[in-house]
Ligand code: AMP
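As structure tokens, one chain now follows by itself in the form predicted alone.
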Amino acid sequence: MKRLIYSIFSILLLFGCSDSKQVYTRQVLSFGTQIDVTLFGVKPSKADEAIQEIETQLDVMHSQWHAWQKSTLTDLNDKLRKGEPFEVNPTLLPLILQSQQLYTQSNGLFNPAIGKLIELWGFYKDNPEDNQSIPSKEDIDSLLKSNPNMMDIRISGTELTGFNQDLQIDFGGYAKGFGVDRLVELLKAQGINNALINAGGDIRGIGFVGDRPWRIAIQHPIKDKTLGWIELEDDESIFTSGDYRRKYSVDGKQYHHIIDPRTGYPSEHAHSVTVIHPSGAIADAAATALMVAKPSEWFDIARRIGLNHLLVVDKDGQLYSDQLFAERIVLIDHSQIINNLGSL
């Protein structure tokens, strides 16, 4: 999550060369990925001010939410494991409250309390591809028996108490969306209403780019090409969770970072899940939960969380989506068939 500014540049749109019709893009490394912030129709001085504030906020998020480097979150985990009441840092309380709600809505498939399992699988490092082995079945079964989950945290006002010594909160399947939402709120507060934030392919857009919507490409999780593209409506998030990102191989078999809290092993029912929702936080958590879900659960979990746009590429490379997503996506390969899940 170290921050590094790669480049600063502006691009004049072909259909307008006035100062009020410039696109400004900055690239920053945070949340373990590249974050591109694109602003449209903003004066250079205001764009610089907004980007500087975004960089400051990303530094704050890093100090608060990092799962294994010392942070506000690691301090909270130390206190939760003691099983004694304590005053929670107010910056973390909204994340915990919403995570408990999403845990319930997803039938426990979104469970940030399984940080010990994620650490056991070797994903508490910047380069997990260096892993040379996988956890023992005995260690995995021990954590499954303990069953740490978000409801092991009792909340009383601003006071928390943990009731499981194996509690270890990891917001890796959620914090990026929550952070993107915070950055969008910051931009809106500065009067910027046309912007796109792309956090490693997880995107939230507000307004438009000139007289057209923001057009987003969706990566194919198996083939090295674009699956299709979609135009965002005003203030929408499109997030993807997939098995092709943080991963490593042992004895010719790949293991990825999305762990099924029911089995203790990486999820195995889909290559990727893409969802659309106004909230980046909800979209992020929903995509994670649906990667874990069985095919028979996709529709129910999506509906419980409040989604109405869902696209799944299953383990066989088959596409499944609800009716609305199918109507909006433009596929690059026109021979590709989308299996319709119905209307959410």
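So that there is no doubt, residue numbering starts at 1 and follows the sequence shown. These numbers were taken from a predicted model, which means no experiment stands behind them.
What follows is about the form predicted together with this ligand, which we do not show.
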{"property": "Segment assignment from 74-82, 180-188, 216-224, 252-260: heavy atom within 4.5 Å of this ligand in the predicted bound form", "result": "252-260"}
{"property": "I197, L160, L109, I238 - the one with a heavy atom within 4.5 Å of this ligand in the predicted bound form", "result": "L109"}
{"property": "Contact residue in the predicted bound form, chosen from G172, G264, G205, G228 - any heavy atom within 4.5 Å of this ligand", "result": "G172"}
{"property": "Non-hydrogen atom contact V275 with this ligand in the predicted bound form at 4.5 angstroms", "result": "no"}
{"property": "Contact flag, V292 vs this ligand in the predicted bound form, heavy atom cut 4.5 Å", "result": "yes"}
{"property": "I153 within 4.5 Å of this ligand in the predicted bound form, heavy atoms", "result": "no"}
{"property": "Contact flag, L232 vs this ligand in the predicted bound form, heavy atom cut 4.5 Å", "result": "no"}
{"property": "This ligand in the predicted bound form - contacting residues of 131-154, heavy atom within 4.5 Å", "result": "none"}
